[in-house]
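So this first bit is one chain, no partners, the form predicted on its own, shown in structure tokens.
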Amino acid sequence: MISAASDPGFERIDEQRLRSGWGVKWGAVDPDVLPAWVADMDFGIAPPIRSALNQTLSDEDFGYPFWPDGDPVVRAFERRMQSLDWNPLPNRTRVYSDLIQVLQVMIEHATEPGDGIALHVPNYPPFLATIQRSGRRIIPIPARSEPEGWRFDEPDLEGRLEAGGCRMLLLVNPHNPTGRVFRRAELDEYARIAERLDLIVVSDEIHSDLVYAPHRHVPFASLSDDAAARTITTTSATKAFNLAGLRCAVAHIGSAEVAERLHQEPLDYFGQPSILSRVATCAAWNNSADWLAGLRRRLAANRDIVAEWVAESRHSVSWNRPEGTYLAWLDFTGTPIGDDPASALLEQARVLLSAGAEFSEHTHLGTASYARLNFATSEDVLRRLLARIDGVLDEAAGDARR
């Protein structure tokens, strides 16, 4: 049995606080349900973030903002990207509320109705829904499970994208839900295809702070001058620092044409995140490295716990160990609940996972036998929910034998 020591702040969670608060993960479920679905963590926030927010409250500094040296979120983002060997272009970064807003804005300003948008499937359900609702066509790049991990390559991908009228590539790296961290060689191939087909690339890098060694995140815009000139890089501190409800994201607009189209829109069209969201984001990116290191240790230990559970499973549950994120993409195909594992586990185990079918909606691909498990919780809660899943599988296997 794995029992990894971790930082005290990540050893326990306050279930009562989580259930009584505003958060959807725990608040939207019945009291007997253990939730491991939406991608929020069960931990609190880093002490520097708390201190910065408290100081702003103490100062009562809530007037219209003025930053003589430029938006501090933009400066924090640029410094963070420079640490990854990429220098963002000056005056090309905008602050938004979240990445779904960023994608919607970029779809409207970089493509036309009927255009194809390619993305890896399975994928984050709101992205699939956004593309569908906007009147664009989803061109899925299917995942393939191999012994060495998830793969997304396929013969003549360039030809298929060209024939499908593709105008945009949406790259989620690290990938949600599989946890795949794309290698530089893979990214170079996508950059070559993007240049050949003149695609806009929207690179969602929101999980880039949650990559496990020996893997390393490579910003897509850092690959080449051409990649930088066609890439919208979007990210946020919300995943790694547990700030989703504060609503703050950034987008760096590498494409001069898209940047000009955005510049022509009224400023108020895009909205503005609040002072508190900016304060929290800056404190996260600038001052919370020690907390992030502790979080990574806890998540790595939890990933090992899930890996041990899968390896010891009597019921043919399978996965590929995620290389980034805190999400486990579990395959229940070989189990008696493989038709719809998330529904069966909620009904019989009172464990809520994200339903696999949602991650391939509006495509011809099928992922109903999968479920996504969020393991960003305490060791105790993680072991309890895995034990509940085992109970359901044991019972279902017994019923199948009778």
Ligand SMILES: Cc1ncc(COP(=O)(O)O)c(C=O)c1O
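Predicted, not measured: the structure shown is a model, and the values here were computed from it. One-based numbering along the sequence shown.
Another form exists, predicted together with the ligand; not displayed. Remarks below refer to it.
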Contact residue in the predicted bound form, from F77, F127, W150, W319 (heavy atom within 4.5 Å of the ligand)
F127
Which listed residue (E158, D71, D98, D188) meets the criterion of a heavy atom within 4.5 Å of the ligand in the predicted bound form?
D98
Using a 4.5 Å heavy atom cut-off, state whether S208 contacts the ligand in the predicted bound form.
no
Against the ligand in the predicted bound form, would L199 count as a contact residue? Criterion: heavy atoms within 4.5 Å.
no
State yes or no: in the predicted bound form, is some non-hydrogen atom of S236 no more than 4.5 angstroms from a non-hydrogen atom of the ligand?
yes
Answer for C282 alone: is it within 4.5 Å of the ligand in the predicted bound form, judged on heavy atom distances?
no
Please identify, from 160 to 168, 306 to 314, 200 to 208, 83 to 91, the stretch that has a heavy atom within 4.5 Å of the ligand in the predicted bound form.
200 to 208
Using a 4.5 Å heavy atom cutoff, which residues in 253 to 286 contact the ligand in the predicted bound form? It's fine if the answer is none.
none
